[in-house]
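The chain below stands alone and is given in structure tokens; this is the form predicted on its own.
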């Protein structure tokens, strides 16, 4: 046992002393957590629907009618820029030309802003709008097109989801205004109409929303374990073998099984240091609230570390050189990481990819860990599969490594 713990201690000290190892397996997970949280951390924190639109009234200067639909449109959209609840963002921010602005130049400028994505829509009231609306209303409102909406010019961007949403809302507002105008003139039978109500809803339980840092933290933890096992383990062992370091174990009573056990204990300690740093950064810098203190969560973390360690041993047993080991690790790295749901959902993938998803042990330990800390319900396999599949991989990889691993390249 003394030799096993001496190997574990040597492995941890060597990993901390090497600059490359220190960066990729300790600093990089902290850096990635910082970048992802700073970029995506505010998602879902500002859920109010809000659009910036431009309203250009070309009818105001020429209309002298006592009943002015264009004035009603202006007042309606101006009212939508006021919030009914103090401190809440209104539905629209309205851009209108100043009295000194040339309407053509202002309209051209706002349409250009729409193309750039700085406006959600541009609404133009053309000359003759009041006359055309009144004639349509007096005709009995029997046109299949709403008279107010048909008389306006609405510019929107088909490449912008925000613009399409704003245009849909504006069309509903104008359709409602048209019905009100018809009703005022006695040309609209509200009793015979069918009300269609559209509600723009947010999540019902805002308090239960998971902050982004809580969602991404288990992924960063497992990514650190994964890269340490897949790259750090083969790299260390294979470089030592090429440097004739492992040959020295020939003259000791240490067996391959004992060497792997000692190396594994050091790997688990190294992962524990890595986990502690990531968790401290998440809590102190970004306010993460996840609890990893339950016994089943701790066991899952140890299971994850052991699973990726076993894959590292498997790569070591097949590779004949350090460069060959890194090549095999790179081949496995991307498919295993991205086909696990670590950074994006894996629902709806083609059947041949779903086969890889179900065979991937990272999928199971990630889902089990997220479920354990309370941020995701199980969606792939019920218990005990999230534990049995990684254990099966550990047994297979360890058995192959014990049989194939040699102290020297030529042995």
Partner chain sequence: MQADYTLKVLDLKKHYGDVHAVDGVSFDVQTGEVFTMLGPNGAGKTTTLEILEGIRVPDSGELVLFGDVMSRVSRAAKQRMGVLLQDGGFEPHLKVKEIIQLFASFFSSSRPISEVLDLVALTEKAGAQVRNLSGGQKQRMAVGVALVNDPDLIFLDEPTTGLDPQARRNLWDVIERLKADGKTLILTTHYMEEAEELSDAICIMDHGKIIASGSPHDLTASLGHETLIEFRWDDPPNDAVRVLDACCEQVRLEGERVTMETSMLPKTMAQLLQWSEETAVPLRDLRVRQPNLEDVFLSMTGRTLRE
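Numbering follows the first chain given and starts at 1. Here the structure is a predicted model, which means the values were calculated and not measured.
Note that the form predicted together with its partner chain isn't included here; everything after this is about it.
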item: Interface residue in the model of the complex among 394, 14, 387, 402, criterion: non-hydrogen atom within 4.5 angstroms of its partner chain; value: 14
item: Contact residue in the model of the complex, chosen from 294, 289, 81, 248 - any heavy atom within 4.5 Å of its partner chain; value: 248
item: Among 270-278, 223-231, 252-260, 97-105, the region lying within 4.5 Å of its partner chain in the model of the complex by heavy atom distance; value: 252-260
item: Residue contact check: residue 10 to its partner chain in the model of the complex, 4.5 Å heavy atom; value: yes
item: Distance check, residue 176 to its partner chain in the model of the complex, heavy atom within 4.5 Å; value: no
item: Residue 320, heavy atom within 4.5 angstroms of its partner chain in the model of the complex; value: no
item: Residue 113 within 4.5 Å of its partner chain in the model of the complex, heavy atoms; value: no
